[in-house]
Structure formats: C-alpha cells, structure tokens
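One chain is shown next in structure tokens, namely the form predicted alone.
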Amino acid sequence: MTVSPDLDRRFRDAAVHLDLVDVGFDVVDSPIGPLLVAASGQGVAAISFRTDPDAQLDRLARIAGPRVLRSGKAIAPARRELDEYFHGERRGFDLPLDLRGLAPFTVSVLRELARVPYGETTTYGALAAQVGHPRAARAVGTVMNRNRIPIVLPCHRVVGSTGALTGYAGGLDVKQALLELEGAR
C-alpha cells in the first residue's frame, strides 16, 4: 500500500501538533544551496550545509530524543526567517535556539557570536576576549567550526586577525556570499 503525499504530510503535521516529535527537520532551499534545518520543542537545533541528515540527526536524537521526523511544520518559523534573511528583509533572527549538549564555554562563545551585528565582522581573538578568554582564539575557532546553527549564529562574520576569510563549514565561497549579502564585503 502506498500513501499519498498529502496523507503523509498530514500525518507528519499531526505528529508535530500532538508533540510526538523530539526533533523535526526539513530541507530548505536557499541562494547558497539546500540547507538541512532541524528544530526541537526548545528551538532551532541545527542548520547544516550537508543535506544528508544521518549523522546530524543521529547526534540530535542523542541530545533531544529519538523521535526524529521530517516535517516542514516543525521548522516553519526558521524557514520563514531564513527566507526573509536571504531576501534582504531580515537583519537578525528571533528564533529560540536549542543549545543542549554544548559545553559552557561553547555556549558563552555562541551567545557572544549572536551579538555580532549584521554587516559587520569580528575576529576569533576579539571574540575570545569578549568571553573573558583573550588567549583562546584557537578554541573560539573550534567552536566556530563546530557551530551547529550557522547563519542564525553567524560564524560567517568571524574572520582572521588580518581580516582574511578563514575556514567555513559551507565553504569559503558561501562565507563570502553571506558577507556580501550583508554588505560586509
């Protein structure tokens, strides 16, 4: 027996509505390519440039719970804000975030990262100093590399001490495109 796409969508939406899903995810089209977006009841849990969900969703299931389901409804607020951002209509995100499973240092760095204004950049060293660890630029770089909610937590706004673009999970071309979108380059 096959299930119609409409019935499948209604089933998935009902599961989210009845709070039977720990993590909902979907793939969002964007000008920088498809993005895997996942959200829990606490907020956005992941945005990934790799749309193969297996590794990402396994990690989220260990953190948020095993009931993981593809559902556009679960990520609707994130999809709307990302669309607005990519259309130049949004400069900041108002989404709740699910940062469960992250170390306190990582959370402090990501919270400070969220304060970097749209269209501006900072350096790894400056970010380290802002969280009270001025000699931890490399550790901040590691946090940026493992940032599971890029764009919303704008690690693309962090550059090297000389202003040079450095590594980015989506690729340096994507980092450049995001900075150009914001008018920072």
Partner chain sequence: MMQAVAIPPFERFYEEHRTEVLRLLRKRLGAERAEDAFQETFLRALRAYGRLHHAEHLRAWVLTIAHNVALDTLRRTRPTDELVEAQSTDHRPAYAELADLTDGLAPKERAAVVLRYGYDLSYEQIASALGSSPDAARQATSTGVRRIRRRIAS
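On a predicted model such as this, the values are computed, not experimentally measured, just so you know. Numbering follows the first chain given and starts at 1.
This protein has a second form, the form predicted together with the partner chain, left out of what is shown; the following refers to that one.
Residue 29 falls outside the set of residues with a heavy atom inside 4.5 Å of the partner chain in the model of the complex. The partner chain is not shown here, and in the model of the complex it never comes within 4.5 Å of any heavy atom of residue 180.
When contacts are judged by a 4.5 Å heavy atom cut-off, residue 15 counts as touching the partner chain in the model of the complex. Contact annotation: residue 127 falls outside 4.5 Å of the partner chain in the model of the complex, judged by heavy atom distances.
Across the options 67-75, 110-118, 97-105, 84-92, residues that bring heavy atoms within 4.5 Å of the partner chain in the model of the complex belong to 67-75. Not one of 136, 139 and 184 is positioned with any heavy atom within 4.5 Å of the partner chain in the model of the complex. Residues of 9-27 that come within 4.5 Å of the partner chain in the model of the complex, judged by any heavy atom, are 10, 11, 12, 14, 15, 18, 20, 21, 25 in sequence order.
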